[in-house]
Each structure stands twice: as C-alpha cells, then as structure tokens.
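To begin, one chain is listed below as structure tokens, in the form predicted alone.
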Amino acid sequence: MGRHEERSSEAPGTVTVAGLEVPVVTATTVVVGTGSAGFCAADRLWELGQTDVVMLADKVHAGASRNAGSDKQTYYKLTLSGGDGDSVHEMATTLFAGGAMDGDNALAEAALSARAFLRLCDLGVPFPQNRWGEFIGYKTDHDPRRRATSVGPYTSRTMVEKLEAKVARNGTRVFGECRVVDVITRDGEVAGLLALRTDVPHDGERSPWLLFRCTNLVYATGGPAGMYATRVFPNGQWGASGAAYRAGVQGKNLTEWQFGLASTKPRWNVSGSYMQVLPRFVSTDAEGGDEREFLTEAIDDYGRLLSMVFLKGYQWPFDIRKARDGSSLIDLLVYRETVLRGRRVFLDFRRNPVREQLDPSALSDEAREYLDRAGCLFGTPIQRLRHLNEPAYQFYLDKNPYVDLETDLLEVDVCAQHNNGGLLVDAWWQANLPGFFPVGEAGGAHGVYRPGGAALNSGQVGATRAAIYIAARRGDAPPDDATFAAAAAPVLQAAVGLTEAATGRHSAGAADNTADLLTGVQELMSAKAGPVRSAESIAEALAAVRSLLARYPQDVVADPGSRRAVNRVFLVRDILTSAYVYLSAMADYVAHGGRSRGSVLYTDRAGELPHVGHGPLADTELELPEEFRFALDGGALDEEIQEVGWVAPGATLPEAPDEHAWRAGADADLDDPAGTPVFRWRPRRPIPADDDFFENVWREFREHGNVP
C-alpha cells in the first residue's frame, strides 16, 4: 500500500468510552471504502479545500473496483465524438427510462458525466481518442447513442489506481485492516464510526477497537456482495450495508439485483468475446462425470442455439424480457442445471457446439456478419477466441487458479454481479440520516435497468455531488470529546459485549461457528432469493434469517485466538442484517403486486413457461420446472419506488416527510429481537425542469453555489 501504510501507522488520539481507553481518529469527513467512488470523494473534497479527510477500509486493495471487470468493461458518459446529437437531458431521459429511478439522480448523472469523465482523463486513465482528440464511443446495452467507452477489461482498476495516486499526493490518511462495526449517531445525525482492527489480536495488549469521530461519513463500501454464495464479486468484497441499516439509514430499490453468467474459479464475467466465439455448454455431475451438452434439450434448432449463445456477448446480464424466447433462456437453463439439478456447468472452448465443424450458414445474419468481419468463421471456439481477442485467452492464464482454455473446461454459473438498488440517496447523494452519503454501489441511485457502464459514471458523479454538498454545507467540527464519548459508549459497550460472549462460549468448549454461519446464509440467499424467486422461497429464507438474527447474540461462537473469527462476528451480523432487510423488501414487493422484471424471475403459477423446442437436437422432451413460470411486470411499477428501513427492537416507526407513511408487516412485532423491517412506496421524483435563463442561474450560483 506504500505511502498509505506509512500514514495509517500514525498514532491517533484516545478517548475514554465506557471505562475503556480507545484510540480515536478525528476528521470532518471519513470516507469508508477505497474503490473508485471512495477515492474520488476524498480527492474531490481535497480539491474543494476540505483537507480534513481520512479514509478507512477492510482491505485497501480489495473490492470490486480494483478486482472486477469483464471482457470490455464499460464507462458510460455523454457523447463526446462524431456528429451524433446528444444532450444532458437526453442522457437523463435514457437513465430515467430504466424504471423506478429518481429523475434528479438521472439528471445529475447526465449533467456531471462529462466533468467526471474528463477528470479521469486528466488523471491519466487512457480512454481512447482519435487523432483530433474526440473521445470515441460505442453503443452498450440500453443505450440509444454511442456513449460507452472503455480501456479494456480493467477500466475500473485503472480508475482506482489513478485516483489512489492522486489521493496519496494529497496526503490523505488511509487506515487499512478496519472492519466496520457500527455507525455512531447523535441527535439524529452522523457522529462517527466504530471499527475493529483486524490486524490486532483480540487478546493482545493493543486495543482492537478504533473510533472515528466525524461530521460526515461518505459510505463507499460497495454493495452487500457477501449475501450471496454464487457471486462474481471478487474475494474480499463484502459490503457493510448492515451497519447503515442498524443506524437508521433506509434502503431503496433493494429488490433490483443484476445477475449474469460468470466463471466461478476465478470469478469473472464471461461476456463479450467469450460468448461471441460460440463455446460449447456442458454439464456434469458433482464429480465431473456424466457430461451432457444440455442446451440441446431445450433449443431444437442448431442455428438458433448458436445465435443465442452469440447474443449473450451483447446481452450478458440475465434479462427476464429475453427469457421467454431470447438469449436469457440460456441463463435459466444454466440455473436449472446448477440449482435445481445440483449439477456443474462448464464452457468448453475446445470443441464446437453440437457438430464437429462450425456451419456459418446456420447463424443469424448479425452473428455471421460480425464473425466474418472479425475473420473468425473457422475452427474451434478457442481458435476463434485467440484470433478475435488474445488478451481474453491470456486473462485466465494469469489468474489464480489459472485456467488454460486450450485444454481446460471453465466452470460457470449464474452469479450475482451488481445491486442496482442500495442505501437511500437524494439529489446530493445524502441519505435520510444527515451527514451520511452512500456513493458507488452502496448507494441506490439506479433503477430497474441501466445502460452498461452507468455504474462507473454513477460512482464518480455521486462522489462529486457528495463532496460539493459537504464542502458547501457540512463543514462543522465533529462533536467534542464528552459529547462523542456519550454517543459512542452504548455502541462500543454492545460490540465488546458481543465479542466477549462469542469468545467466552468458545473458551467454555463450544466450537467456532462463524464460518458455518457465513456459508449458511450465503447459500440460502443464492438458493431462495437469486435470479429465480417465489413468494414461498422468499418467505422460507426470511423466516430462517430472522431466526438466525434474533438468536445471533446467544448463538455465535468465535475463537479468541483467531483474528479472522473475531472479525467474522461482525461480518456475519452485517450480512444477516442486510439479508433480513433485503428479503423483507422482496416479500413486500410481491405483496405489492410486483412481478418479474429486470434481472429476476418471480415464479407465477398462472404465468407462462419459456418457449423451448423438441426437435432433432433434443435427446428427450424437456419439461421446464414450474419455478420458471412467470408474468412480466411490463413497467407497471416503473413510476413507484420502494423504500425499506430497519427499526431496532423497542423503537418506533420512522416519520415520513410526506403522505406516504411507513408501515410494518401485518404480523410485525416492534419488540422482535431481530428488529422490524418497515416499508413505504412513493412516486419517483421526476426529471427536474430546465432553469436555463443564464442571468438567474448565474446569480444563484454566485450567491449560493446552487447548493440548497
């Protein structure tokens, strides 16, 4: 970590809290997370004169920004080349059209996209430009223009590296090895954060606790990736949304996950070239035997099968609108093999699908013309891949574990990839808790659908908006020692008590169960609340998670000699809290009349099954499972947004700022030791109307900076 490690070793001050002398770091703003959104926020604050900033992370070099990507990872921005027309409002309209997205977030993401993008260019991210200096683009999914650009499979990593270097030059302190435990509040506002030092032994001389005292928290922790077992999020990407919900931060559009085909070892999206070269899909039993080319069971036409595989390169995310007779039928067939049949699925690049030789004449015009222009209408899938995109082949050779696609099968599954929803944000990316700013995937800025690459733009824009607001309106000093100690005391006491109870049970002879609890909730979420869900599966998972969370303080056992086990005490609690809130949101969505949309199939026994064939390719007639019956939402809830909160045992329902009141479930118990999920549905905020008379805008900007 270089300079960051040196600075993070600086001794903080101390404060006596609940009889314990605990190290405390004080700053006006604390940025949690060291991905592209977190580093952007820290740098923007510094550029705006807010140099009293520190950062913290569980693992500085972990996270999706630095370690995830795809064949051609996309950044979405306003058109900056060619003669095609475009405008801020047109881009905002494209984002807004995804459904269930607030219009002010859409307008801000469009308005600041060029500013955020060009800032990255100035920092050294090598986005391609032609010899005249135009930043060229291409069309991505849900994109009517050519707004997308890329620097290759590691676009976000390059962004992180350039932003991190700038933050290091600024001299901002970065504290690594810090597990978020709880957010500290005072009088309904942010007061700080409690972290567990994961590099300090629990039974050592140094305190494993570290307090951060601040006026603002920029929460760039990523989505709650740790909830799912079947996920493409990189190792070390967990999220920390549970701590936010425990502090009263509300959620938005939590049901809207994105799922897609990805390799599992290593974790990587198999989009783009990996699909366009037409690999063979096979499944095996758990031991690798009984190999079957299973797509042929459902797709009865050779040309249709190949063309659907080709389209997965462009149409990578699972999209329920393409599941009935389009390319997303492939995702469902993979899901059937892995989840419902308990088999394993692999991509085989060594052999052509169905036939020994590729028959180009059977391909759709789109697939044939693309492969012909690329000079790839020959040979085997691996020969086509190495001709089309040699780095895509080399990528797996450089990974651990490495896979040689020349000789090895590549195991894949339908994996959780991105949460379009998240923690509630307003037009300045501030949550309902004043001083709390969720940015990047942690913030729920997206709708049901989004253009490919919009997430990278959203992270930069949200971080910029948060920094502008903090610099203009939230520069007050953090609480004084006595006030902060009083606010932190119950949080620290509860954390110490939970740790002592968990380690005490181990000392009394109970076995450490933190790893089993973590694996159990992840597998439950993937099986019952993944890309295929039903009211019954959600209810089953919700009951199990509620019970685990209610009993957690009495049941968790941690080995005090294992830093990882003590760390997992709070990691598992965070994931259980997030899973409880998310499952509750899913159940409420179904009760509200929600049907299949986005990247999720909600089972509807009165719905239709996807269209499959029973022609010459099929060995037997395929009966698709009843779980695959669905009815499309058809945009019915596009104008509404679901918000969800978590109410601590014994607390009251949150107040609503308008006529859309919060409510708990019919059988809710506000004294439930697991806490009580609460819900409300409201109309989405429209795209703000233009105020484009220059003199008026200029006057407001001079006087107020146009920050309310």
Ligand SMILES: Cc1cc2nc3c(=O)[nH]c(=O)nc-3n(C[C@H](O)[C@H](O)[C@H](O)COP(=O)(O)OP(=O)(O)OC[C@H]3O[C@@H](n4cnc5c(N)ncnc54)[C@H](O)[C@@H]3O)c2cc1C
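As the structure is a computational prediction, the values presented were derived from the model and not from experiment. All residue numbers refer to positions in the sequence shown, first residue = 1.
FYI, the form predicted in complex with the ligand isn't displayed, but the following is about it.
Colleague: Looking at 601-609, 492-500, 105-113, 179-187, which lies within 4.5 angstroms of the ligand in the predicted bound form, counting heavy atoms?
Modeller: That would be 179-187.
Colleague: So in the predicted bound form, is the ligand close enough to Val167 to count as touching (4.5 Å, heavy atoms)?
Modeller: Contact check for Val167: no, nothing within 4.5 Å of the ligand in the predicted bound form.
Colleague: Find out whether any non-hydrogen atom of Lys59 is located within 4.5 angstroms of the ligand in the predicted bound form, and reply yes or no.
Modeller: Flag for Lys59 set to yes.
Colleague: Contact with the ligand in the predicted bound form for Ala37, defined as at least one heavy atom pair within 4.5 Å: yes or no?
Modeller: Contact with the ligand, yes.
Colleague: Is Gly251 close enough to the ligand in the predicted bound form to count, meaning some heavy atom within 4.5 Å?
Modeller: No - in the predicted bound form, heavy atoms of Gly251 and the ligand never come within 4.5 Å of each other.
Colleague: Using a 4.5 Å cut on heavy atoms, which of Gln237, Thr255, Thr577, Ser584 is close to the ligand in the predicted bound form?
Modeller: Among Gln237, Thr255, Thr577, Ser584, a heavy atom within 4.5 Å of the ligand in the predicted bound form occurs only for Gln237.
Colleague: Could you check which residue among Pro381, Gly421, Gly453, Pro478 gets a heavy atom within 4.5 Å of the ligand in the predicted bound form?
Modeller: The residue in contact is Gly453.
Colleague: Let me know which residues along 254-278 have a heavy atom within 4.5 Å of the ligand in the predicted bound form, or say none if there are none.
Modeller: Heavy-atom contacts within 4.5 Å come from Asn269 alone.
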